[in-house]
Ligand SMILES: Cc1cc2nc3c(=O)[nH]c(=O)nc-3n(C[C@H](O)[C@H](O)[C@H](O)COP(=O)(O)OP(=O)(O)OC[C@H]3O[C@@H](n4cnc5c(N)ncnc54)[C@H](O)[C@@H]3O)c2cc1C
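In structure tokens, the next block holds one chain alone, the form predicted alone.
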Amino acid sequence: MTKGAVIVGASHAGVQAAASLRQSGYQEPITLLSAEHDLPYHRPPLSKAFLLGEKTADQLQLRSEAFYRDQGIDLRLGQCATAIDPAARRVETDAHRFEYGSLILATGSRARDLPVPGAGLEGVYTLRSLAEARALKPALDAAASIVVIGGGFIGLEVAASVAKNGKSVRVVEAAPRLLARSVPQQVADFLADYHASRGARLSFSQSVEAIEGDGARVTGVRLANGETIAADLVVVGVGGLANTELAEAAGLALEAGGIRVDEHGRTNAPGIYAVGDCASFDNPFAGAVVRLESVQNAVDQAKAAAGHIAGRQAPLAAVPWFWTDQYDLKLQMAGVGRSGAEEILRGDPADAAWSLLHLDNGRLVACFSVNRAADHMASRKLIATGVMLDRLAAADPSVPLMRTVSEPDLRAAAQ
């Protein structure tokens, strides 16, 4: 009897891997292990719709409970994997031992700790899970003055949610600007101005020296310049770390902060795959080995790994893309921006609907779109095909982005 597939981790990547195995015709047993006790759920809304009370936990579910039953997926909630034995092809949890023919690691990432005094005080939160969101929401509702440490996507989304509820919020960022590793300067400046216009205060080039408290409870954040910001709640969003401990202990190769995999999601150990936030791979659009934290990448990698396990060649080849919702803005990003790239602006940022293109030798390599979904969708096709853009047409926001290339290239990009 075959040992089937075991998937460790039941977020976007793990659930997609299980679903794609079945969609690929895989008939063997599938066991999906989740360390959490909730049915697998969408994570992006945690910092937005869930905090604002627009969606409940039940509305965040990736799939209904019936889906797992009907697809023959053995979903084990509250089962935290503790060890992998690659030679015996076995995964252990606190309570059980599971043998596998194929193993998919979808262990995700966790919030990076802030190594300063007071980080463990009551009233200091991170936001990566539904459990953390459940704890944070009522605390935010009761708080009057909030400090967000870190001007990344999660920090900014929380700040936007707080400001929309009419609360006082201050964002403290150690870098000179927002999202230094993710978006160009013009996009970062636009977001900073937009947040400021909605009542959020932002401080740049400011490192946190300590989180202060009165007994066990937080009262403020002390900066390295000596300023203390009063706060009755602090949200820490200073990046994420891949959960690679299981893989490292099992002798799997690591690189770029993640478990090193190929275009099929295969690790260096036979029968073991890694997908999603925990995996690093040689991405042709980035020109380097990278680890991408995005729902899109998690889903695409899961499909590639499931296809390979099911005997189908479906290597990962998708253009990376990301999004963030802040206030009434939807920022969508396709490709990977490059330092020194030629930039073309489409539209007027004052209208809150514009795109910034990155070109390399006339070819589109990245697109950053604010409330221009059509530009985003077109850019994903154009980046994938590597076609040459007409620069004058590309700078005209009235010209559809797909019409900025020649007809033969347009047909190729539209396929």
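Predicted model, so just to flag it, every value in this text is computed and none were measured. Residue indices: 1-based, along the sequence shown.
Omitted here: the form predicted together with the named molecule. The next part is about that form.
The stretch among 382 to 390, 358 to 366, 45 to 53, 23 to 31 whose residues place heavy atoms within 4.5 Å of the named molecule in the model of the complex is 45 to 53. Looking at the named molecule in the model of the complex, residues Ser109, Leu127 and Glu157 each place a heavy atom within 4.5 Å of it. Proximity to the named molecule in the model of the complex, taken as a non-hydrogen atom within 4.5 angstroms, holds for one residue of Gln206, Asn283, Gln332, Asn243, which is Asn243. A heavy atom within 4.5 Å of the named molecule in the model of the complex is found for exactly one of Ile344, Val295, Leu140, Ala269: Val295.
Put simply, Val6 is far from the named molecule in the model of the complex: not one heavy atom of it is within 4.5 Å. Leu223 falls outside the set of residues with a heavy atom inside 4.5 Å of the named molecule in the model of the complex. The named molecule is not shown here, but in the model of the complex it comes within 4.5 Å of a heavy atom of Ala35.
Though the partner is left out of this view, Ala81 does reach within 4.5 Å of the named molecule in the model of the complex, counting heavy atoms only. Looking at 4 to 18, the residues that come within 4.5 Å of the named molecule in the model of the complex, counting any heavy atom, are Val8, Gly9, Ala10, Ser11, His12, Ala13, Gly14.
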